[in-house]
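Take a look at this single chain in structure tokens; it is the form predicted on its own.
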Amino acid sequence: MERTLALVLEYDGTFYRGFQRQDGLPSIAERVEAALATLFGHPTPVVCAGRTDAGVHATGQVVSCVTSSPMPTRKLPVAASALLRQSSIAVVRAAERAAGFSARRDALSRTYRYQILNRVAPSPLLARRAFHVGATLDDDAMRRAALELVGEHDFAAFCAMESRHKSTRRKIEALELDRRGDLVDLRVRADSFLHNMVRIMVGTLVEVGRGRRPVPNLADVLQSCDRRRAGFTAPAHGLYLEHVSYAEPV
């Protein structure tokens, strides 16, 4: 009998070309599907909640799959993580879901966290985990600017030019900044995101924090729908897919 599973993944995206399979290039999906095929004894395609790009990490990615294996869900995280250990991927949790469940289609919202190391000296330990900004950042200015982005807007100005979307309207439910010493976390929650949207938002807010862009400018950038009016695209290694919410939590 077939079963539908939801798996929560954590991974280091440093050496991957993203989540999605790409011919001849390392991907998270390729490694996860290979591990599940070994455990279940049959090919096991997965559907992800968010197609993280090259270099992007995850602490709460969710994938769904269908299997005829009777392996108990309580054993799956340990067994799968053992096979994936050398790939810097772990299965944190596993749960059964009703037939037809899709990690992507049934997601209510996705939360991304962007980590900035804000101090003069870089960190060898965080070189692949946080974006180093040596200049002092004005947290209050960044918070005020972030409020301009909350709500439903046309985010064309915060979308990579090569991206192809039917609509560039999105609803940001929350965008918050939290500082812990030298570490600044920006968390953003929305139902879905455009290509590079979070990284462009972060780059623009960093420009505000450095005094290179006034707070009210973000409203004008949104209205312009012009990518050239927004800030730089922050590097991938500071970005984490942190949480995906569903009607029934995974």
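One rule holds for the numbers: they count along the sequence shown, beginning at 1. Predicted model only: the values in this text are computed from it and were never measured.
Beyond the structure shown, there is the form predicted together with another copy of the chain, which is absent from this document and is the topic of what follows.
Asks: Quick check on R104: any heavy atom within 4.5 Å of another copy of the chain in the model of the complex?
Replies: No.
Asks: Does E242 reach another copy of the chain in the model of the complex if we count a contact as any heavy atom within 4.5 Å?
Replies: So E242 does not count as contacting another copy of the chain.
Asks: Even though the partner isn't displayed, in the model of the complex is A58 close enough to another copy of the chain, meaning a heavy atom within 4.5 Å?
Replies: Yes, A58 sits close enough to another copy of the chain in the model of the complex that at least one of its heavy atoms falls within 4.5 Å.
Asks: Check whether R119 has any heavy atom within 4.5 Å of a heavy atom of another copy of the chain in the model of the complex, and answer yes or no.
Replies: Although another copy of the chain is absent here, R119 would touch it in the model of the complex, with heavy atoms inside 4.5 Å.
Asks: Can you tell me which of 104-112, 77-85, 145-153, 167-175 lies within 4.5 Å of another copy of the chain in the model of the complex, counting heavy atoms only?
Replies: Selected range: 77-85.
Asks: Of A90, A160, A141, V133, which one comes within 4.5 Å of another copy of the chain in the model of the complex, counting heavy atoms only?
Replies: After the contact test, the surviving option is A90.
Asks: Relative to another copy of the chain in the model of the complex, which residues of 27-56 have a heavy atom no more than 4.5 Å away?
Replies: Going through 27-56 in order - heavy atoms within 4.5 Å of another copy of the chain in the model of the complex - there are no hits.
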